[in-house]
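Next up: just one chain, as structure tokens, the form predicted alone.
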């Protein structure tokens, strides 16, 4: 009989440890041990050799964080998931910087734990494969740039929601980099108030032993955010090569670096496109957006961006659009990779500073973001009742694509850093 993956519980509260011990068998995983904090936890975890460590983030927070750091140092290959009954962003940030790879809000439920454990182990397997293939440089994350040749088409909405989906649904560590050099508002879209911006991260590159992660803010999902500066004039300080260096450093520390860009081909946007493992190119069905996409596509081709790194995403922003994907594909001369259908709940959640995958997880748009995060991560789609394909891929004339379309639509393996 195959051995069940083991979960080791670290929590200063014995009652909490007992309650979680009762939950874990319901997830299909096994309890490999439990402990309080400090050296006791480090010694017992090391001896048990679990597949995952589940750690309660509660008072005394400083001691919990210190324990996480010590365990991460002793067992750097073992993922740590933290849970807490608070969504305090400062506490989440401290845990992530200490070495935690995921965050769950309690009270914990068996289904929630099962999803988190499974996604974490899948992410670890891919990380080990990358490391085996590139043992000198170590594992690298994917740099995915979100671009669109027009403002107001939903780039930031796509980037923010997809970033949260990477963490929540695909179990990836992800950092959202706001590279909109006009008026970037990725952090505001998720109701995150940053203390520092990516300008501070760029300065860290000049400090010996500096860590660009010190400039990051955190969403309550555990998503990291490198925010744009409040003063757009500060972008004048940013050199393209230094910005790319920052992206590559982040790619060594996160599974996914998701870059939100401006709607123009400025120096920063070009740098983000050049550094990308993959470009998610957003367009809406309206004539101006498609026309601008075609013009910009000619421009980026002249800069050397290969078509095989581009995936077109159609964002249907109004119920009034009668979308014929074939017409748009003919206009741009490339296939559509994904469609985000119109969903009034997407705008509603955005106005409230919420990711739709959190606020309305069963909505059409939430499912599409979740599925997209899994496809890009190389994970299988989660089976659902009736009409999965019609929700995942673009439909033609109101009819779902044939199942064979699944084989034609390929994601990237998260972990392939661009060579640019």
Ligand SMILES: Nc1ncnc2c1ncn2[C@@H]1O[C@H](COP(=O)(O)OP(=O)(O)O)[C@@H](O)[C@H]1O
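Residue numbers count along the first chain shown, from 1. Note that the structure is predicted; figures quoted are calculated from it, not measured.
There is also a form predicted together with the named molecule; it is not shown, and the following applies to it.
Which residue among 100, 187, 340, 123 has a heavy atom within 4.5 angstroms of the named molecule in the predicted complex?
The option sitting close enough to the partner is 340.
Only one of 156, 197, 173, 277 gets a heavy atom within 4.5 Å of the named molecule in the predicted complex. Which one?
That would be 156.
Decide whether residue 143 counts as a contact residue for the named molecule in the predicted complex under a heavy atom distance cut-off of 4.5 Å.
Result no; residue 143 lies far from the named molecule in the predicted complex.
Hey, in the predicted complex, does residue 210 get a heavy atom within 4.5 angstroms of the named molecule?
Output for residue 210 is no: heavy atoms all beyond 4.5 Å of the named molecule.
Looking at the partner-bound form in the predicted complex, is residue 217 within 4.5 Å of the named molecule by any heavy atom?
Output for residue 217 is no: heavy atoms all beyond 4.5 Å of the named molecule.
Give a yes or no for residue 315: in the predicted complex, does one of its heavy atoms lie within 4.5 Å of a heavy atom belonging to the named molecule?
Because a heavy atom of residue 315 falls inside 4.5 Å of the named molecule in the predicted complex, the answer is yes.
With the named molecule left out here, work out from 69-77, 244-252, 346-354, 112-120 which stretch has heavy atoms within 4.5 Å of it in the predicted complex.
Selected stretch: 346-354.
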